[in-house]
Ligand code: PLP
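A single chain, nothing else alongside it, follows as C-alpha coordinates in the form predicted on its own.
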Amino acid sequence: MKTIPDNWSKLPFAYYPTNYNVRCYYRDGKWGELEISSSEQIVIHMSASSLHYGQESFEGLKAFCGQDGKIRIFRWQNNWERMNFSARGILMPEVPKEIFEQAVKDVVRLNREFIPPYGTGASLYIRPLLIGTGARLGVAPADEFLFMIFVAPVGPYFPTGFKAVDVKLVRDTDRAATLGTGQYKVGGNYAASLASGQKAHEEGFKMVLYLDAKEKKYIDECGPANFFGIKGNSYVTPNSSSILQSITNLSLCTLAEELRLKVERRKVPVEELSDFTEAGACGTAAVITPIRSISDKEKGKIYTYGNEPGEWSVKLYKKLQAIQLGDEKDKYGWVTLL
(Lines give C-alpha, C1' and ligand atoms only; values in the text may rest on other atoms or scores of the structure.)
Protein backbone atom coordinates (compact mmCIF):
# COMPACT_ATOMS: atom_id res chain seq x y z
CA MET A 1 0.00 0.00 0.00
CA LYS A 2 1.15 3.51 -0.81
CA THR A 3 2.22 6.10 1.74
CA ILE A 4 -0.24 8.77 2.87
CA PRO A 5 1.15 12.34 2.60
CA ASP A 6 2.42 13.62 5.94
CA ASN A 7 1.88 17.30 5.13
CA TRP A 8 -1.20 17.92 2.99
CA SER A 9 -0.74 21.69 2.85
CA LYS A 10 2.71 21.33 1.25
CA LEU A 11 1.63 19.10 -1.63
CA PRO A 12 2.77 20.25 -5.08
CA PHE A 13 0.66 19.83 -8.20
CA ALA A 14 2.37 16.61 -9.23
CA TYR A 15 1.80 12.89 -9.59
CA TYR A 16 1.51 11.14 -6.24
CA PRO A 17 1.04 7.35 -6.13
CA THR A 18 -2.25 6.08 -4.72
CA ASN A 19 -3.45 2.54 -4.13
CA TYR A 20 -5.84 1.87 -7.01
CA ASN A 21 -6.95 2.88 -10.49
CA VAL A 22 -9.86 1.60 -12.57
CA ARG A 23 -9.82 0.39 -16.17
CA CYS A 24 -12.19 -0.66 -18.91
CA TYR A 25 -11.31 -2.10 -22.32
CA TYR A 26 -13.09 -1.67 -25.64
CA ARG A 27 -12.71 -4.77 -27.80
CA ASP A 28 -14.75 -6.41 -30.58
CA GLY A 29 -16.94 -3.34 -30.85
CA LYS A 30 -18.08 -3.16 -27.23
CA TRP A 31 -17.01 -2.05 -23.78
CA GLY A 32 -16.12 -4.63 -21.15
CA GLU A 33 -16.48 -4.53 -17.38
CA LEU A 34 -14.68 -2.12 -15.07
CA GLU A 35 -11.52 -3.58 -13.54
CA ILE A 36 -9.69 -2.48 -10.40
CA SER A 37 -5.91 -2.40 -10.59
CA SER A 38 -3.13 -1.62 -8.13
CA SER A 39 -0.51 -1.38 -10.90
CA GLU A 40 0.80 1.97 -12.10
CA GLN A 41 1.74 0.40 -15.43
CA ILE A 42 -0.24 -0.36 -18.56
CA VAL A 43 0.71 -2.89 -21.25
CA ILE A 44 0.41 -1.41 -24.72
CA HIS A 45 1.37 -2.60 -28.19
CA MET A 46 4.40 -0.83 -29.67
CA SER A 47 2.31 0.03 -32.73
CA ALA A 48 -0.69 1.39 -30.81
CA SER A 49 -2.43 4.28 -32.55
CA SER A 50 -2.09 6.47 -29.44
CA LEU A 51 1.70 6.25 -29.57
CA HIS A 52 2.09 6.93 -33.29
CA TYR A 53 -0.87 9.06 -34.29
CA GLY A 54 -1.97 10.71 -31.07
CA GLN A 55 -5.33 8.96 -30.83
CA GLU A 56 -5.92 9.76 -27.17
CA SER A 57 -7.87 12.09 -24.95
CA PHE A 58 -7.83 12.93 -21.26
CA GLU A 59 -9.79 14.88 -18.69
CA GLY A 60 -9.20 16.50 -15.32
CA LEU A 61 -11.59 17.01 -12.43
CA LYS A 62 -11.41 17.14 -8.66
CA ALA A 63 -12.91 15.75 -5.49
CA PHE A 64 -12.96 17.76 -2.26
CA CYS A 65 -13.43 16.96 1.40
CA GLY A 66 -15.87 19.35 3.05
CA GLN A 67 -15.91 20.63 6.60
CA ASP A 68 -18.71 18.13 7.20
CA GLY A 69 -16.41 15.26 6.20
CA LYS A 70 -18.40 14.52 3.03
CA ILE A 71 -16.68 14.04 -0.31
CA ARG A 72 -17.76 16.23 -3.22
CA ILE A 73 -16.94 15.51 -6.86
CA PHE A 74 -17.24 18.60 -9.03
CA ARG A 75 -19.16 18.46 -12.33
CA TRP A 76 -18.09 15.00 -13.50
CA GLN A 77 -20.98 14.95 -15.98
CA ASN A 78 -19.39 17.81 -17.92
CA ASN A 79 -16.08 15.96 -18.08
CA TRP A 80 -17.89 12.90 -19.43
CA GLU A 81 -19.57 15.02 -22.09
CA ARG A 82 -16.30 16.71 -23.04
CA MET A 83 -14.38 13.44 -23.21
CA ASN A 84 -16.95 12.04 -25.61
CA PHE A 85 -16.85 15.25 -27.65
CA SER A 86 -13.09 14.72 -27.99
CA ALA A 87 -13.66 11.04 -28.78
CA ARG A 88 -15.98 11.90 -31.65
CA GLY A 89 -13.47 14.42 -32.94
CA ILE A 90 -10.64 11.89 -33.29
CA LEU A 91 -12.70 8.74 -34.00
CA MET A 92 -12.66 6.93 -30.68
CA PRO A 93 -15.65 5.09 -29.15
CA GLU A 94 -17.65 7.13 -26.68
CA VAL A 95 -17.51 6.04 -23.06
CA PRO A 96 -21.00 5.18 -21.76
CA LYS A 97 -22.18 7.48 -19.01
CA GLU A 98 -22.73 4.65 -16.54
CA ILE A 99 -19.16 3.40 -17.01
CA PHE A 100 -17.67 6.88 -16.62
CA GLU A 101 -19.76 7.64 -13.53
CA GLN A 102 -19.01 4.33 -11.85
CA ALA A 103 -15.31 4.64 -12.63
CA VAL A 104 -15.12 8.13 -11.10
CA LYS A 105 -16.97 7.10 -7.94
CA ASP A 106 -15.07 3.83 -7.57
CA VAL A 107 -11.61 5.35 -7.92
CA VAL A 108 -12.45 8.07 -5.37
CA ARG A 109 -13.88 5.58 -2.86
CA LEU A 110 -10.98 3.16 -3.32
CA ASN A 111 -8.48 5.94 -2.57
CA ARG A 112 -10.49 7.64 0.18
CA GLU A 113 -7.48 8.00 2.48
CA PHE A 114 -5.69 10.10 -0.17
CA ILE A 115 -8.34 12.83 -0.25
CA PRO A 116 -6.78 15.88 1.43
CA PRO A 117 -8.60 17.09 4.55
CA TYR A 118 -10.69 20.25 4.58
CA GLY A 119 -8.72 23.44 5.12
CA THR A 120 -5.43 22.21 3.68
CA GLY A 121 -5.84 23.92 0.31
CA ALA A 122 -5.34 20.56 -1.42
CA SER A 123 -7.73 18.30 -3.31
CA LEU A 124 -7.91 14.93 -5.06
CA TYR A 125 -7.16 15.32 -8.77
CA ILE A 126 -8.98 12.80 -10.97
CA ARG A 127 -7.48 11.96 -14.38
CA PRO A 128 -9.65 10.01 -16.88
CA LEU A 129 -7.73 8.76 -19.91
CA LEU A 130 -8.95 7.26 -23.22
CA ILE A 131 -6.30 5.85 -25.57
CA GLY A 132 -6.14 3.82 -28.76
CA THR A 133 -4.38 0.55 -27.93
CA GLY A 134 -5.02 -1.34 -31.17
CA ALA A 135 -1.95 -1.78 -33.40
CA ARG A 136 -1.82 0.42 -36.50
CA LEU A 137 1.01 1.04 -38.92
CA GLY A 138 -0.93 3.15 -41.40
CA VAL A 139 -2.87 6.23 -40.33
CA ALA A 140 -6.20 4.80 -39.23
CA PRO A 141 -8.36 4.60 -36.09
CA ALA A 142 -7.57 1.82 -33.65
CA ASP A 143 -9.95 -1.08 -33.12
CA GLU A 144 -9.16 -1.47 -29.42
CA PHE A 145 -9.13 1.16 -26.69
CA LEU A 146 -8.44 1.58 -22.99
CA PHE A 147 -10.42 3.88 -20.70
CA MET A 148 -8.92 4.33 -17.26
CA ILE A 149 -8.95 6.72 -14.32
CA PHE A 150 -6.27 7.32 -11.72
CA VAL A 151 -6.11 9.92 -8.96
CA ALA A 152 -3.51 11.90 -7.05
CA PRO A 153 -3.70 14.30 -4.10
CA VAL A 154 -2.48 17.71 -5.28
CA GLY A 155 -1.78 21.18 -4.02
CA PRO A 156 -2.04 24.44 -6.00
CA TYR A 157 -1.01 24.34 -9.68
CA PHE A 158 1.40 27.18 -8.95
CA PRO A 159 3.35 26.83 -5.67
CA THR A 160 2.54 30.44 -4.83
CA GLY A 161 -1.19 29.61 -4.81
CA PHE A 162 -3.75 32.33 -5.54
CA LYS A 163 -1.21 34.98 -6.47
CA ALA A 164 -0.90 37.22 -9.53
CA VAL A 165 1.57 36.01 -12.17
CA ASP A 166 3.34 37.40 -15.22
CA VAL A 167 2.37 36.14 -18.68
CA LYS A 168 4.15 36.29 -22.03
CA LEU A 169 2.15 36.91 -25.22
CA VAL A 170 3.59 35.00 -28.21
CA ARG A 171 3.05 35.28 -31.95
CA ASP A 172 5.67 32.84 -33.24
CA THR A 173 3.87 29.72 -31.98
CA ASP A 174 0.37 28.33 -32.43
CA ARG A 175 -1.16 26.14 -29.74
CA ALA A 176 -3.74 24.75 -32.15
CA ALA A 177 -4.80 25.51 -35.70
CA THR A 178 -8.15 27.03 -36.58
CA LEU A 179 -10.53 24.16 -37.40
CA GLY A 180 -7.94 21.75 -35.93
CA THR A 181 -8.06 19.91 -32.61
CA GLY A 182 -7.92 22.91 -30.28
CA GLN A 183 -11.47 22.38 -29.05
CA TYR A 184 -10.68 18.79 -28.05
CA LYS A 185 -8.77 17.80 -24.91
CA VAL A 186 -6.08 15.78 -26.66
CA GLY A 187 -2.39 15.55 -25.85
CA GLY A 188 -1.17 17.03 -29.13
CA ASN A 189 -2.45 20.48 -28.18
CA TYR A 190 -0.36 20.42 -25.03
CA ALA A 191 2.72 19.02 -26.75
CA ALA A 192 2.49 21.96 -29.16
CA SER A 193 2.73 24.38 -26.23
CA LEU A 194 5.74 22.84 -24.46
CA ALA A 195 8.56 24.64 -26.28
CA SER A 196 7.08 28.14 -26.02
CA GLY A 197 6.04 27.46 -22.43
CA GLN A 198 9.53 26.35 -21.45
CA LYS A 199 11.10 29.38 -23.10
CA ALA A 200 8.69 31.67 -21.27
CA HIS A 201 9.52 30.00 -17.94
CA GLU A 202 13.22 30.56 -18.56
CA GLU A 203 12.44 34.26 -19.09
CA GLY A 204 10.60 34.48 -15.78
CA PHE A 205 7.00 34.10 -16.96
CA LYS A 206 4.51 31.60 -15.55
CA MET A 207 2.38 31.16 -18.65
CA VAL A 208 2.06 31.90 -22.34
CA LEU A 209 -0.86 33.72 -23.94
CA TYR A 210 -1.57 32.59 -27.51
CA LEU A 211 -3.30 34.46 -30.29
CA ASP A 212 -5.56 32.94 -32.93
CA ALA A 213 -3.62 30.92 -35.50
CA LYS A 214 -5.31 32.42 -38.56
CA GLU A 215 -5.01 36.19 -38.19
CA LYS A 216 -2.99 36.78 -35.01
CA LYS A 217 -5.56 39.39 -34.03
CA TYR A 218 -7.52 37.77 -31.23
CA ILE A 219 -6.80 36.23 -27.82
CA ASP A 220 -6.90 32.44 -27.96
CA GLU A 221 -5.92 30.49 -24.83
CA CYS A 222 -3.60 31.11 -21.93
CA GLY A 223 -1.32 28.08 -22.03
CA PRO A 224 -3.25 25.20 -20.43
CA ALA A 225 -6.17 27.42 -19.39
CA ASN A 226 -8.92 29.69 -20.68
CA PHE A 227 -8.43 33.47 -20.51
CA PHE A 228 -10.83 36.02 -19.05
CA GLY A 229 -10.76 39.75 -18.45
CA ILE A 230 -12.87 42.18 -16.42
CA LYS A 231 -13.96 45.27 -18.31
CA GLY A 232 -16.30 47.64 -16.53
CA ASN A 233 -19.19 45.47 -15.42
CA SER A 234 -18.40 42.64 -17.85
CA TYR A 235 -16.70 39.26 -17.62
CA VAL A 236 -15.11 38.86 -21.06
CA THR A 237 -13.75 35.54 -22.37
CA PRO A 238 -12.74 34.45 -25.89
CA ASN A 239 -15.04 32.45 -28.14
CA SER A 240 -13.19 30.39 -30.72
CA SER A 241 -13.37 27.00 -32.43
CA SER A 242 -9.77 26.33 -31.38
CA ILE A 243 -10.31 26.86 -27.64
CA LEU A 244 -11.03 24.10 -25.14
CA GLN A 245 -14.36 24.65 -23.41
CA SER A 246 -13.14 24.94 -19.83
CA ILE A 247 -15.60 23.59 -17.27
CA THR A 248 -14.13 26.00 -14.74
CA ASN A 249 -14.75 28.89 -17.12
CA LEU A 250 -18.34 27.73 -17.69
CA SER A 251 -18.80 27.72 -13.92
CA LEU A 252 -17.27 31.19 -13.56
CA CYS A 253 -19.56 32.54 -16.29
CA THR A 254 -22.57 31.32 -14.32
CA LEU A 255 -21.24 32.76 -11.07
CA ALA A 256 -20.35 36.05 -12.77
CA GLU A 257 -23.96 36.43 -13.86
CA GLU A 258 -25.10 35.63 -10.33
CA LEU A 259 -22.83 38.45 -9.12
CA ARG A 260 -24.50 40.74 -11.69
CA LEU A 261 -21.64 40.87 -14.14
CA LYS A 262 -22.47 40.80 -17.83
CA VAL A 263 -20.86 37.76 -19.48
CA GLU A 264 -19.40 38.35 -22.94
CA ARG A 265 -18.14 35.26 -24.77
CA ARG A 266 -16.80 36.65 -28.03
CA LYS A 267 -13.72 37.40 -30.08
CA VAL A 268 -11.33 39.47 -27.98
CA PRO A 269 -8.94 41.69 -30.01
CA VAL A 270 -5.44 41.77 -28.59
CA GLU A 271 -5.67 45.57 -28.32
CA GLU A 272 -8.48 45.15 -25.80
CA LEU A 273 -5.96 43.94 -23.23
CA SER A 274 -5.40 47.60 -22.40
CA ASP A 275 -9.10 48.01 -21.47
CA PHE A 276 -9.23 45.30 -18.80
CA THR A 277 -8.93 46.18 -15.12
CA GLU A 278 -8.38 42.51 -14.24
CA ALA A 279 -7.24 39.49 -16.19
CA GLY A 280 -6.88 35.83 -15.34
CA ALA A 281 -6.49 32.26 -16.52
CA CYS A 282 -8.91 29.60 -15.36
CA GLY A 283 -8.98 25.81 -15.35
CA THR A 284 -9.42 22.77 -13.13
CA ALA A 285 -5.83 22.67 -11.90
CA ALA A 286 -5.52 26.26 -10.65
CA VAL A 287 -9.21 27.34 -10.60
CA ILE A 288 -8.22 30.99 -11.20
CA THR A 289 -4.72 32.29 -11.75
CA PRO A 290 -4.82 36.10 -11.56
CA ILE A 291 -2.59 37.83 -14.10
CA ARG A 292 -0.31 40.64 -12.93
CA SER A 293 1.04 41.54 -16.35
CA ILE A 294 1.04 40.47 -19.99
CA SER A 295 4.21 41.25 -21.92
CA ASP A 296 3.94 41.67 -25.68
CA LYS A 297 7.64 41.90 -26.50
CA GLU A 298 7.14 41.98 -30.25
CA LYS A 299 5.04 45.14 -29.99
CA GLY A 300 7.00 46.55 -27.05
CA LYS A 301 3.96 46.67 -24.76
CA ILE A 302 3.27 45.54 -21.22
CA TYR A 303 -0.30 45.38 -19.94
CA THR A 304 -0.53 45.55 -16.14
CA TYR A 305 -3.38 44.57 -13.82
CA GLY A 306 -1.98 45.03 -10.32
CA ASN A 307 0.29 43.09 -8.00
CA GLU A 308 -2.63 41.56 -6.10
CA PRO A 309 -5.64 39.58 -7.39
CA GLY A 310 -8.45 41.90 -8.46
CA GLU A 311 -11.76 42.36 -6.66
CA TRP A 312 -13.83 40.27 -9.07
CA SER A 313 -11.22 37.54 -9.39
CA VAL A 314 -11.23 37.17 -5.60
CA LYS A 315 -15.03 37.07 -5.42
CA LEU A 316 -15.32 34.48 -8.19
CA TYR A 317 -12.51 32.34 -6.80
CA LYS A 318 -13.96 32.29 -3.28
CA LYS A 319 -17.49 31.62 -4.48
CA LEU A 320 -16.49 28.69 -6.70
CA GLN A 321 -14.29 27.18 -3.98
CA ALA A 322 -17.09 27.56 -1.43
CA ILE A 323 -19.40 25.49 -3.64
CA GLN A 324 -16.72 22.86 -4.29
CA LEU A 325 -16.01 22.51 -0.56
CA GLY A 326 -19.63 22.59 0.53
CA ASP A 327 -19.31 25.89 2.39
CA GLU A 328 -21.98 27.39 0.14
CA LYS A 329 -25.18 25.78 -1.13
CA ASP A 330 -24.85 24.15 -4.54
CA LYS A 331 -27.96 25.48 -6.25
CA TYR A 332 -26.71 24.50 -9.72
CA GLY A 333 -26.39 20.76 -9.11
CA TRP A 334 -22.66 20.78 -9.84
CA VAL A 335 -21.57 18.65 -6.90
CA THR A 336 -21.95 14.88 -6.48
CA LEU A 337 -21.77 13.70 -2.87
CA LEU A 338 -20.14 10.40 -1.93
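The numbering used is simple: start at 1 and walk along the sequence shown. Quantities reported herein were computed from a predicted structural model and do not represent experimental measurements.
Not pictured, yet referred to below: the form predicted together with ligand PLP.
The shortest heavy atom separation between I294 and ligand PLP in the predicted bound form exceeds 4.5 Å. Interface membership of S50, defined by any non-hydrogen atom within 4.5 Å of ligand PLP in the predicted bound form, is ruled out.
Among residues of the shown chain, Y190 is one whose heavy atoms approach ligand PLP to within 4.5 Å in the predicted bound form. Although the partner is absent from this view, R82 contacts ligand PLP in the predicted bound form, with a non-hydrogen atom inside 4.5 angstroms.
Contact with ligand PLP in the predicted bound form holds for none of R23, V95 and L129, as no heavy atom of theirs lies within 4.5 Å. Only one of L244, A103, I115, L169 lies close to ligand PLP in the predicted bound form, with a heavy atom inside 4.5 Å, and it is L244. Only one of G229, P238, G155, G223 comes within 4.5 Å of ligand PLP in the predicted bound form through a heavy atom, and that residue is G223.
Checking 64 to 72, 34 to 42, 277 to 285, 305 to 313 against ligand PLP in the predicted bound form, the stretch whose residues place heavy atoms within 4.5 Å of it is 277 to 285. Within 4.5 angstroms of ligand PLP in the predicted bound form, the stretch 40 to 54 places no non-hydrogen atom at all.
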